[in-house]
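As structure tokens, one chain now follows by itself in the form predicted on its own.
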Amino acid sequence: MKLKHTLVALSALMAASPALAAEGEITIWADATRQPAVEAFQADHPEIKVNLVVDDGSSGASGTFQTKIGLADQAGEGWPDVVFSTQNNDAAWASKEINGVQPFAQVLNEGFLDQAFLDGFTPGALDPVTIDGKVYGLRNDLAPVLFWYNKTLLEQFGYEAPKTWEAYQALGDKLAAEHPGYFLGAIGDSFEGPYVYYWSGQAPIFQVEGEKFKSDTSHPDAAKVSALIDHMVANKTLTLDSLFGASFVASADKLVAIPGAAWYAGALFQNPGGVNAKAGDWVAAEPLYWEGKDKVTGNVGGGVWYASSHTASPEAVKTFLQYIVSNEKTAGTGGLPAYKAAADAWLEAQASSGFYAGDFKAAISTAAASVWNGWGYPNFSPETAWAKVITPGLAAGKTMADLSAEWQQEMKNEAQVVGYTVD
């Protein structure tokens, strides 16, 4: 109840600005997943007119956000007031002056938003969007990687849930030999390989030091991840299907376990278009780790809301931003909210629902505190190089061992194009 009262009080405070009436319509760019959250804001704040433009949220590193802002910069008009992006690395370019045009992203911690509000985020949540001490965006949700497994199937087969990546691979061997057709994950999308497997393995393939970009796919920590992927693709316990594609959904009853983000809770397991799991079947477990290495994990997204430095309606923008990340109806949009009070409420609701077996709250909390800090946030994504090199290569029967050097070079090429010095 205390959490609920805190959120209600915060919402009431945000609705009290007398300056709202003097401001015009605000334009918001967001993806279809965030559309219901924006509509909830419209219902609760009819005093603010909203023009919602639905796009892809730059998913799959499409670059939609940067491309559209570039067009507005050229025209000298047409900037939105608020933008949602699925990419944590957009702050790298949105915080900079480009071709003589002021940076798109509004600095949020130098008087635009109250520091007391910003302090309400989970510690570390705003690190990916903080540059030289300036906060350029608000994280929508946290997306740490944990290990999801079907308790019912594992018990039926007489297997124990793995706790290490080595045991995960060994489980794949057992499934392949004794229960062919059952599988342990997917890498058919451009985000799973880099963020779920390589980031969790502390692979130094996407690192930034100042203006220098580094990538080493031959490093032992990267090579062992590549070997795991190749092994499990070969025995068919890692599918090349897209996580939300028709083939994956059709075979979802044979999914035994999968390492993946916190947002899999709503997007995959409780989604009629995904696994559509039965209550009590699935467990959210602590992240897998490599034997002899730190117990760290990766991160898959956790989108960001940006305010425009060009906005003519700052009070309306402030009201929207604070509402969208902290209100329990909208915060996190199906995943673990980045705002601490909303996150606590979300965790309590998920844990008390009884949908997941095991200690859901403890597993998510452990994962959120274990994200490896060696990953970089440059002005491009590893997803584009993965989609260009790895996805078609694996589909053609090549291995990560065959493709890793080309993938590394493609990432370095992209880094040079956007101005990084390549080591």
Partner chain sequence: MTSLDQNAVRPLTGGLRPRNGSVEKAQGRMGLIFVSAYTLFLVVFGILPSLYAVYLAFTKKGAFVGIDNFIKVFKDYRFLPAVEHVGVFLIVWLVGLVFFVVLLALVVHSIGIRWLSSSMRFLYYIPGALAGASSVMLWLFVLDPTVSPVGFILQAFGITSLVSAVQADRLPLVLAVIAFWTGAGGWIVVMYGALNNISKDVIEAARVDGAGPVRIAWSIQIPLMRKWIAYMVVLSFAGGTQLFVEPRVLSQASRGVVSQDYSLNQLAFLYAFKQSDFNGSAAISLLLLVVAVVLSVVFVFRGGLFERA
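Residue numbers count along the first chain shown, from 1. Fair warning: this is a prediction, and the values are worked out from it, not measured in the lab.
Absent from the display: the form predicted together with its partner chain. The rest refers to it.
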> In terms of non-hydrogen atoms within 4.5 angstroms, which of the given stretches 185 to 193, 202 to 210, 111 to 119, 256 to 264 touches its partner chain in the predicted bound form?
Replying inline: 185 to 193
> Given that its partner chain is left out here, which of Ala396, Val53, Ala43, Ala32 has a heavy atom within 4.5 Å of it in the predicted bound form?
Replying inline: Ala396
>> Check Ala177 for me: does it contact its partner chain in the predicted bound form (non-hydrogen atoms, 4.5 angstroms)?
In response: no
> Do Ala61 and its partner chain share at least one heavy atom pair within 4.5 Å in the predicted bound form?
Replying inline: yes
>> Just checking whether Thr391 would be counted as a contact of its partner chain in the predicted bound form - the rule being heavy atoms within 4.5 angstroms.
In response: yes
>> Please tell me whether any heavy atom belonging to Ala349 falls inside 4.5 Å of a heavy atom of its partner chain, as the geometry stands in the predicted bound form.
In response: no
> What residues of 377 to 392, in sequence order, lie within 4.5 Å of its partner chain in the predicted bound form by heavy atom?
Replying inline: Asn379, Phe380, Thr384, Ala387, Lys388, Thr391, Pro392
